[in-house]
Structure formats: structure tokens, C-alpha cells
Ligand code: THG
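Next comes just one chain, in C-alpha cells: the form predicted alone.
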């Protein structure tokens, strides 16, 4: 599974302050720690407080690449901010994200092609998040079709069925799990799937967040989930992820399989 580290996000107080102060040490420490914990890609988001969002994105990309040779997921609602990061990215990057709205697809699919980047497609449109798996599949099909017509390799597409907080939309969890299975039937080769994992526990009691996250992650892995934006510094979460991959026969058992997975 592709683990995309979520911690370099201006919504976190320490990261927002580091961006404002241009404190490289904080960002580089978070990058190193997440990669050491098992992240294969780092999601970077300048957050809402950055005055010059494009400039902040450039600074983050350069700062991280000074310390780590790791692919980056560029997270912004503004195409110009994403492109500012793409221009500097040394490894194959990811655009996070588009929706099924034509105006967004028409901008971000050509951008992904131009820079050789992957693309996360949120299965929603400007009206909001779908009610059920059928609507999610409709939006997924629209995104897949647009990518095929735009010449984007479907191997570079990740579909996000959008998990909602369990404390306000409990029934949505099963809809997301069923969507992960159904998205694989949309094309050949099938698009990959990704979730923003921490959304499922948003607003729940602090002591239950990790348990909710790792339980849902393991369930999603069993349904075929291939990537997740999560906190790799949560050791119990990562242990659950690694053990689920073992039980799904994704890697070979040995007594020290947890350490072996992290070192590979």
C-alpha cells in the first residue's frame, strides 16, 4: 500500500507556524520522521493562513527535497498553487485533487499530463458529497472517462470515495467500502483507490481516534484499498496496516515482519 504522510499541512499549528517563520528544521524533521515510519509519499498543504500560497508551496517543496528524496502529493484547491510545486518536484508527484466537475478536470488532467504527475479524483462535484455508492460510482466513471479522453494513463489515477466522520455519518462507512470494490470494475486496467483516513475519526473523542482510523483502514485494505493519506507516526495504525498486508498475502511472514516492512 502507498502510505501518503499527512503531517506537513498548514492546518497543524506547528506546521503553520513553521511556514510563517520559514523554519526549515520543523518541516524537514517531519519529512524524515514520516519516511522513516513507512511513508512512501508526503502530502503537503500550505494551509489557509499562508498569505502567498504559491510561494509557500515552493518553499515547502524545496525544503523537503533538501532533506528527503521522496515523491510529493501537492494538496491545494488552487491549480496555480499545485503547479508552483509541480515545477520544482524532482520525483513523480501527485495532484491532490480534482472533483468530477468539468472545469476542474479540464485544468488538472492536462496539468498532470504535462508534468507526468498522478491525480487524485474525489468522487463528488460542486453540489457536495454523494449520498451512496451509486452516486460515488457515477462520479468515478465521469473522472475515469475524462482521464481516458484526456490521454492520462489510468495507472496514474487514484479515486477517493470520500470517507465522512463516523460520528455524523455512520452509515457512509459501508458505502465507502463497497465503492472501493466497485471502482475496480470501471475500467481495465482499473483505477487505484485512496482515502483521506483521518476524516473517518474527525470530531470523535481523542482517545478513540487511532482505534477508529486503524479499524477502518484494515477493513478498507480487505476491500482492495491501495493508498491512504494518514499519519505514519501513529505506530499502532502502521502496525495494523502492515499486519493486514501480511494477512492479505502481500508480503512474506517472518518473526520480525513489522521491522522488515519498515526497512524495505
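Residue numbers count along the first chain shown, from 1. What you see is a predicted model, and the numbers here were worked out from it, not measured in a lab.
FYI, the form predicted together with (6S)-5,6,7,8-tetrahydrofolate isn't displayed, but the following is about it.
Engineer: Which of these residues, 248, 11, 20, 25, gets a heavy atom within 4.5 Å of (6S)-5,6,7,8-tetrahydrofolate in the model of the complex?
Structural biologist: Checking each option against (6S)-5,6,7,8-tetrahydrofolate in the model of the complex, the one that comes within 4.5 Å is 11.
Engineer: Counting only non-hydrogen atoms, choose the one of 194-202, 54-62, 216-224, 33-41 that falls within 4.5 Å of (6S)-5,6,7,8-tetrahydrofolate in the model of the complex.
Structural biologist: Correct option: 194-202.
Engineer: Would residue 147 show up as a contact with (6S)-5,6,7,8-tetrahydrofolate in the model of the complex if we use heavy atoms at 4.5 Å?
Structural biologist: Contact check for residue 147: no, nothing within 4.5 Å of (6S)-5,6,7,8-tetrahydrofolate in the model of the complex.
Engineer: Answer yes if any heavy atom of residue 229 is within 4.5 Å of a heavy atom of (6S)-5,6,7,8-tetrahydrofolate in the model of the complex; otherwise answer no.
Structural biologist: Residue 229 belongs to the contact set for (6S)-5,6,7,8-tetrahydrofolate.
Engineer: Should residue 179 be classed as touching (6S)-5,6,7,8-tetrahydrofolate in the model of the complex when contacts are defined as heavy atoms within 4.5 Å?
Structural biologist: Outside the cut-off, so no.
Engineer: Taking heavy atoms only, is residue 86 within 4.5 angstroms of (6S)-5,6,7,8-tetrahydrofolate in the model of the complex?
Structural biologist: Result no; residue 86 lies far from (6S)-5,6,7,8-tetrahydrofolate in the model of the complex.
Engineer: Heavy atoms within 4.5 Å of (6S)-5,6,7,8-tetrahydrofolate in the model of the complex is the criterion; list the residues of 71-91 that meet it.
Structural biologist: The stretch touches the partner through 75 alone.
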